Structure formats: structure tokens, C-alpha cells
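Presented as C-alpha cells, the chain that follows is alone, the form predicted alone.
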Amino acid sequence: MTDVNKISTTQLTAKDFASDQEVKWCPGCGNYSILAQIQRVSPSLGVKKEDFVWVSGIGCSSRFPYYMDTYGIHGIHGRAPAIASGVKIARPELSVWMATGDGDLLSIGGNHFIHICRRNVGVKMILFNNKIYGLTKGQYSPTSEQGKKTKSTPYGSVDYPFNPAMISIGAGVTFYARTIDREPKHMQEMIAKASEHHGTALIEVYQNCNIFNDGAFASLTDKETKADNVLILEDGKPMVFGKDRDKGIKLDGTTPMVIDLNDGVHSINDVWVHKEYDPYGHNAFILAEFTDNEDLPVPIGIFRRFEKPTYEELLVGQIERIQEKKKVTSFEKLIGEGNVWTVE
């Protein structure tokens, strides 16, 4: 069925989505890749340019709305999910996107984040995760590894880091994917699929901060090591990885383990087959546990997706049912009924 709010935009190009503002990120920052992929994909999403809205909070990532030639709001620290929810609820026909960082979303914005996930508001969120506070010059963030030495933790952080995949899946997000700033084609694919999703979508991007946390994801991006450390999730396909595609993931009950497909004991039939559609989150929770586990590769791709009515649909439906039942014909009638009294 054709969405009447969508039109063909094949005549547009990435340049049509680039604003006239000078991009003020540090040279070499992974944010440039994210911006480039968003601008390249936007013309093909089937959304009118004037129907895009970009919302952000505070941080390096949150300069994003300035660089997109669309409508946008640069909000306050941690409040991007609340602002984006308001825009989507008031104007459900708009394509509302959110740019945020690991500090902005998971620290001061953590409460707003879990509630946008549980409500299933139709907002698409891009989480720039560099495991550090960049804008405020290199303090540890909610996703920094334990023992991380920074300006605010000179002897090493004693905090246990947040796992964004685990948090969002636990909060009921209906679409969660992960990609890497140095995997442009893969990122473009994740953006397009998030756009198609009906409901809340979160894409976590592992993004290198070359000034304050350079090399945080080096094992996942270096040519010599990434094949053995990155597991590319593909729907309906076995979880195979490695330079020679000779390693696989096997489930022992609910415990994942790496197997050697050339050891004469295991075969491709033993490998766990990925399924994106996961309404209960069982598979996604297991995949989320791969995060920062030295014995397992890091998954990228769609961990989980399923659909249920969105918050804005339920709210609009409720309003329409009440209006039909009450037959309200004027504002005066609305405020003049029920518990009212007259002051003499």
C-alpha cells in the first residue's frame, strides 16, 4: 500500500540535504561519516524534504541539525527524546529524526530515552557512541569501559558501563541496530531500514573521537583485525565471521560460543541463524551480551525489529473515539460540561 505522505524524491541529491553552515567538527572525526551517509540516503527514503525534522540535545553530535538543510531543533541537554516525541505526536505525518551522543542520551537523557522506547513513538534515533564526552573535552561517559582514565577519572573509572543495546531492548524498543562510522555502505543500509520501520528505531553508531578517545574501536575497523572481530548480522543467515569465514556462533542452550568450522567436529548446520524479527527480545538480549565480551565478536546490523501500534496512533485514535462519543461541537460546550459551578 502506498503511503500518501511519501513521494518519489529521486530528483534530489545529497547536496540538497547539506546546509550552508560550516561543519565545525574536529578533522578526522567519525561524525563526518555519519553526516555524509545521512545526506546520501535521505533523497531515497521517499519522504518530502520539507517533512524531515532533525532534533538534538547537547554535545558534538548535537550540532547535526545545523548541517542538514531540513527543519530542525537544537534542544537542551538530554531532552531531545522529549522534544522529538512532542513533534511526532503533534505532527504524526512528519519524519522525525534525532541525533544524540552517549552522554546526552544515556546520562542526563536516560530517563527520557527509556520512555520514548517503551511508548514506541515513531522517532528515528541515531546514537553517536564514542565512549567519551567530546564537547566538554574528554571526561568519561556512561559507555566508557571500567578503568578508563580521563580528566575526570585520573585513576580510572570504577563505574560499570551502560550497554545501549541491553537498555533499549529492555525498554521495549521495536527496532535496534548497530553500525560503525567506517562502514559507510552498512550504515546507509541501517538508516534506510530504520526509516522504513513503523515505530521507535535506534541505530547505535560506533564513532571514533580521534581527539579524546582515538582508537576505541580500532579492532573493529583495522583491516588486519576487523574480520575476526566483527559479526555482520544478516536476516535468515547463519552467524559466520572471520577472514576465511571459518568461524561461527553456536548456541549452547542460551549461551553463545565461537566454533571452528574447519575442526572436523562442527559444520555450518551448527551455526546460529539470525532472525531480525524478535517480538520477545530473546535473541536480541543474547546478542546484546556480546558487547565488550573479549571471547565473542561484536555484532553489527539489526539485532531486533517488530511492530506494534505507535504511541501517536494510539493517542490520535483515543481522541477521535472520545470526540465521536461525546459529540463535542464547540469549545464552549466542552468547558461548560462536567464538574462546573457558577460564581455569584
Partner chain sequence: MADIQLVKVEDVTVRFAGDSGDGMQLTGLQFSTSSAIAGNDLNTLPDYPAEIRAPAGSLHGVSGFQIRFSSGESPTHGDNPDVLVAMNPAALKVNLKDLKRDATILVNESSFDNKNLSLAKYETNPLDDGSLKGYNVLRVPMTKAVMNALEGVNISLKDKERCKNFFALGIMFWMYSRPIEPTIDWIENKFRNKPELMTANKKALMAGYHYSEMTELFTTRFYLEPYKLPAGNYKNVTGNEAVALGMVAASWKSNLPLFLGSYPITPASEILHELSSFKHFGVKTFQAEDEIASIAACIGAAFAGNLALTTTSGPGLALKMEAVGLGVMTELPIVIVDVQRGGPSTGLPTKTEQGDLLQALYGRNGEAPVCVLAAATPVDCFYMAYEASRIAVKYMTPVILLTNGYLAQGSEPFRIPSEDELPDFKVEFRTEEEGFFPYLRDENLARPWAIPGTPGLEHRIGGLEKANITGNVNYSPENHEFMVKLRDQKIKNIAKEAPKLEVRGEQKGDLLVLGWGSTYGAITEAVNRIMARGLKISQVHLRYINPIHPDLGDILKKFKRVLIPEINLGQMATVIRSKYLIDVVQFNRIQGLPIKASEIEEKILNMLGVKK
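Positions refer to the first chain, counted from 1. So that the term is clear: the rigid core is the largest set of C-alpha atoms that superpose within 1.5 Å between two forms. A quick note: this is a predicted structure, and the numbers were derived from the prediction, not measured.
Form predicted together with the partner chain: not shown, discussed below.
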Interface membership of residue 158, the partner chain in the model of the complex, 4.5 Å heavy atom rule: no
Close approach of residue 74 to the partner chain in the model of the complex, 4.5 Å, heavy atom: yes
Non-hydrogen atom contact residue 82 with the partner chain in the model of the complex at 4.5 angstroms: yes
4.5 Å heavy atom contact, residue 269 to the partner chain in the model of the complex: no
Heavy atom within 4.5 Å of the partner chain in the model of the complex - the one residue of 142, 92, 256, 164 that qualifies: 92
Options 288-296, 272-280, 310-318, 29-37; stretch whose heavy atom lies within 4.5 Å of the partner chain in the model of the complex: 310-318
Sequence-ordered list of residues in 101-122 near the partner chain in the model of the complex, where near means a heavy atom within 4.5 Å: 111, 112, 115, 119
Rigid-core frame, C-alpha of residue 323, shift of 2 angstroms or more between the shown form and the other one: yes
Core superposition between the shown form and the other one, C-alpha change of residue 20 at least 2 Å: no
